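Quick heads-up: it's one chain on its own, the form predicted alone, in structure tokens.
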């Protein structure tokens, strides 16, 4: 279906040219704050995207959906029922493979007042669930997946896109944050069951405000555990952060130096939690 929707996601201008109609309501709900923003400036498009069913019998027999970036198809088709997650994953791919003007980390980013936290973490650590909780507690979402660092000044650049929740975290988010919009559930993806939570209006409204990172926190959810906060040495933090970078190897020595400078200016923490209340109290204590 031809849609021609243009919107901003932080520093990026996206043109969505085609999208399957059954998923448009969820898309509009997830991006309602971006779509209602008034932007008088004329900007060039960074990513021109289509997400549509292939032509021919595949539209009817075991329907599939295809992601296109500037008419290039970088992935194999996936089940039609996964159209909305395919868009989100595809846009992540566009940013990770094209936006090399930034140093990128596979991490969440959040800010409140003068505190800006980078949270790298492997799958299953509870990073996205904690990110959703903090966003609903008044923290400004930079990203759930990709933290961008601007080389010219070392500031983190917000994107403020939906949070990708998986499996049991969906039930937790649905019951704990009923005021936040959650998409329908998409089952049997390569990540299990996923649902998308809309970014807060605060996050989208302030997506032009870049901020200096102050903390690097490696979170881990452990059911029933007491909260543990452990200082991390900077050498280990640099190695972990670089391991979670999409493109430091493309930046060469300046990329490594930028990663080191980010760590040098931050407190580095390993954080184990099981209670949102404990997490709220700890993160709110980080005010600088």
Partner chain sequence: MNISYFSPSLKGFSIYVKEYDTATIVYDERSGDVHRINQLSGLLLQQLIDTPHTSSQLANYLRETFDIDETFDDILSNVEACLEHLKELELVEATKSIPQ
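Numbering follows the first chain given and starts at 1. Keep in mind that what you see is a predicted model, and the values were worked out from it rather than measured.
The protein also exists as the form predicted together with its partner chain; that form is not presented, and the subsequent description refers to it.
How about residue 222: is it within 4.5 Å of its partner chain in the predicted complex, going by heavy atoms?
Contact check for residue 222: no, nothing within 4.5 Å of its partner chain in the predicted complex.
Is there any non-hydrogen atom of residue 56 lying within 4.5 Å of its partner chain in the predicted complex?
Taking the distances in the predicted complex, the answer for residue 56 is no, it never comes within 4.5 Å of its partner chain.
If you check in the predicted complex, is residue 236 within 4.5 Å of its partner chain, heavy atoms only?
Residue 236: yes, in contact with its partner chain in the predicted complex.
Residue contact check: residue 27 to its partner chain in the predicted complex, 4.5 Å heavy atom
Close contact is absent here: in the predicted complex, residue 27 is far from its partner chain, nothing within 4.5 Å, heavy atoms only.
Have a look at 28-36, 65-73, 222-230, 250-258 and name the one stretch with heavy atoms inside 4.5 Å of its partner chain in the predicted complex.
In the other structure, the partner sits against 250-258.
So which residues in 263-278, when you check its partner chain in the predicted complex, have a heavy atom no farther than 4.5 Å from it?
Read in sequence order, the residues that approach its partner chain (within 4.5 Å, in the predicted complex) are 263, 264.
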